[in-house]
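The chain below stands alone and is given in structure tokens; this is the form predicted alone.
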């Protein structure tokens, strides 16, 4: 799969999900995908041919979806439960809290169309609080892939070693394929995409805005503000060694397509607040308000989460 990075980077993430499930199904007879109506959009026909009994349809009932997924996972099946990100987190939060948190059911939740990807459908379908909801539950891994290659890699990792987890999937026209040559780091480790120890500003990103964060770092460096770009595909547990290495920087900037409260930036700030000599943290994300329906690209432009907007935020903070 990873050798096909250039091909999958141009695909819809839902297609990549289905392709990955089909590939896993060839070698994993325990693979099970539990859906809540949404399954018909996930390119799962090949997987269903390989493992006819591996597809469980719960209808439009996400709470039941998590309950069924938990029961199957507790019996030893390798279970993924995909749905709209806002539905598979906030709508089912009590079930996730009890079953993945307290019961430790090794279910892999997959939140699709996260962030403002579904912005045209309005605030009800924008998942801007999902990381905040899930990362507060003890023992749940939270993964935010930057591109399709990283998505496939994370799904393969989690299916091979199931654990309570949430994989957040969002995809924008502004994204870029960061991992066209494959994922080269260990699961859970941050990846330095640009710059090094001499950079006085570090932009930390998670999810598909990593491409915009990388471009912003390049723009700032060209203007004389040497800036590094570091991706955190795993929000929980955080790679704290990578954060410890930021001591001495002038400014740390976090970038995400999630609300500024409770998300990746909050997790970084929480950790660095206990680190002696830690730098100032500037959190960039979606504002603390419900947004009107609009295209994802225009929403990102309006809140300054394009490369140009991120660079402008950084320069203002350094002024």
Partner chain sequence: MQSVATETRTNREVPRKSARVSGIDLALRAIEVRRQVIEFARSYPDMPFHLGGSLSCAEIMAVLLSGVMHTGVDGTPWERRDRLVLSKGHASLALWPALVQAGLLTQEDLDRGMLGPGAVIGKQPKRNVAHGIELSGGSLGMGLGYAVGLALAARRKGLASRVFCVMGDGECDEGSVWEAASFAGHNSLGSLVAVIDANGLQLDGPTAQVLDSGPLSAKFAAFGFDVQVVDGHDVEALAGVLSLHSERPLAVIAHTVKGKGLSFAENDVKWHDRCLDDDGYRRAVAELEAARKEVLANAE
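Remember, it's a predicted structure, so these values are computed and weren't measured experimentally. Positions refer to the first chain, counted from 1.
What comes next is about the form predicted together with the partner chain, which is not displayed.
Novice: Tell me which stretch of 50-58, 290-298, 263-271, 249-257 has a heavy atom within 4.5 angstroms of the partner chain in the predicted complex.
Specialist: Only one stretch qualifies here: 50-58.
Novice: Is there a heavy atom of residue 221 lying 4.5 Å or less from a heavy atom of the partner chain in the predicted complex?
Specialist: Residue-level check for residue 221: no, no contact with the partner chain.
Novice: Would residue 103 show up as a contact with the partner chain in the predicted complex if we use heavy atoms at 4.5 Å?
Specialist: Although the partner chain is absent here, residue 103 would touch it in the predicted complex, with heavy atoms inside 4.5 Å.
Novice: If we define contact as a non-hydrogen atom of the residue within 4.5 angstroms of the partner, is residue 95 a contact of the partner chain in the predicted complex?
Specialist: Yes, contact at 4.5 Å.
Novice: Does at least one non-hydrogen atom of residue 99 fall within 4.5 angstroms of the partner chain in the predicted complex?
Specialist: Close contact exists here: in the predicted complex, residue 99 approaches the partner chain to within 4.5 Å, heavy atoms only.
Novice: State the residue from 183, 199, 72, 238 whose non-hydrogen atoms include one within 4.5 Å of the partner chain in the predicted complex.
Specialist: Partner contact (heavy atom, 4.5 Å) among the options: 72.
Novice: Residue by residue through 24-39, tell me which have a non-hydrogen atom within 4.5 angstroms of the partner chain in the predicted complex.
Specialist: The stretch touches the partner through 29, 30, 31, 32.
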